[in-house]
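Here are two versions of the same chain, shown separately as structure tokens and labelled structure 1 and structure 2.
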Structure 1
């Protein structure tokens, strides 16, 4: 299988004197999830629309798996699934009927359509609602249908434009879980968002955009580490059971730990110094305590600090 790739080369989009995107150059390659962060109006949706051929750039190139989207849109996008903004669904159609129509439009052979639809429905966990009319679905459920439509051709690349935007907390959580599931299928996912906690939870790497210009692109860990204040860093640890006071004392006494904040009985924010070596030591200490450690990652507050500093400096 070809290693999936997305590349923007000096992408620029201007509307008269206003430039929504300015010389964006970015290459993403391999199976991973990349968060595309930026304030409203930063140019995220413009970039995604150019990558999916919905609008043409003023200059520059958009490449999918090395194929220029403007020169051969069909070939470039044949391995892509996209959810840009919030597409409408015919309310009178059932979930299955709507997705069968999408499969036909996408050119899925008639003999393979039913299997393709059922596979997409399974990925977004909508088997229970397959015969329900789309007009009777909640907004979160309709967004699941939109995600299923993007998955009809079993794409190796997914381009998602704020997929949880406008949903209630339950709907947002459901969409996040679906996107996490997409990561397990060796796909390259490029997802714009303005929710820092969402990006921290889902994404492996982050690209930050403001005023149409790329400010930074790196792994979440390296980005927050490089721009942390002084030598202090933050990570979030999650546990399968409530932490005892004794466990908190043991963790707090670990070399390099500067402070602890128990935000929930099973979720802890640690501030520490000493770089990757210290993080490795702290992680090994917590794991050795046998207190049910199930996750250890950069905290959303660390990304927030990095994001706000970068955006502030760009203004």
Structure 2
């Protein structure tokens, strides 16, 4: 089995004098989830469209598992599931028929086809609407079917363009769970999103794009630490009960902690320095205090700050 990879080599897309994407070079390899961030019009969808053969680059190459998408799209996308924008589905086909069509096109063997479709439908929680005509589905439901279509052949690479777009909060949470499930199955996921909290929660690495140019690509931790003041990092801790002032004092006195912000009685944002070692030490200390620690994660505000700084600097 090959090591999954997505590669953009000097990828450029211009429409007359306007360039939506300029010399994007990026290589993603191995099982991980990479968030693709950028303001509206930054070129994220353009890049994903080139990677899926929806548009042709003006210059450069898009490679999936080393195969040029423009030269041999069929082979390049053979192990890749994609959801770009919010596709419409043939209105007179039922959900099941639409997914059967995709399963047949993708080469799911006939004996396994029905099971594959049922599994994909169940993953997106659409069992109840399996026989409903696609033309009668709401936008959110259609997006679930589209996601099911991308999942249907259990691809090793997933290209997702704002997959939770058009979904209600419950649907968004379900999409996050699906992507987390894919991570557990060691897939390579490249996902654009405007939701920084979503990216913080599920992505290992982040690529930030603006004006068609790649501003940064690194792990979430390295990116937020490298761009934070004095190497400071932020984490968010949640508790099952209100924090006492003694507990706050104790946490604040931990080596490396630069500041505390109690945003809610049970939610604390800590800024600290010292990298992963310090993070490990602080987490152990809080857990040892027996103050009801239930969650400890990188703060999405850290990514937000990093993102805003990068995007601001590029303007």
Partner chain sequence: MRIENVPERAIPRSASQLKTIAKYELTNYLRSRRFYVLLAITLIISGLLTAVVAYYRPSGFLSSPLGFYSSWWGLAVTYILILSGIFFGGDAISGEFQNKTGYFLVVNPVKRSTIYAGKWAAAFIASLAVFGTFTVVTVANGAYYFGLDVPYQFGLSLAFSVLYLISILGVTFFFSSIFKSGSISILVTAILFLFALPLTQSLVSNLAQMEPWFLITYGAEIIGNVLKDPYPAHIVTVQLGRVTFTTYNAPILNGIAIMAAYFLVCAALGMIIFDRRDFS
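From a predicted model like this one, the values you see are computed outputs, not experimental measurements. Definition used throughout: the rigid core is the maximal C-alpha set that superposes within 1.5 Å between two forms. Numbering follows the first chain given and starts at 1.
It is structure 1 that shows the chain in the form predicted alone. After superposing the rigid core, the Cα of residue 79 is displaced by less than 2 Å between structures 1 and 2.
Core-superposed comparison between structures 1 and 2: the C-alpha position of residue 183 differs by less than 2 Å.
Residue 95: CA moves 2 Å or more between structures 1 and 2 after rigid-core fitting.
On the core-superposed pair, the CA position of residue 285 changes by 2.5 Å between structures 1 and 2.
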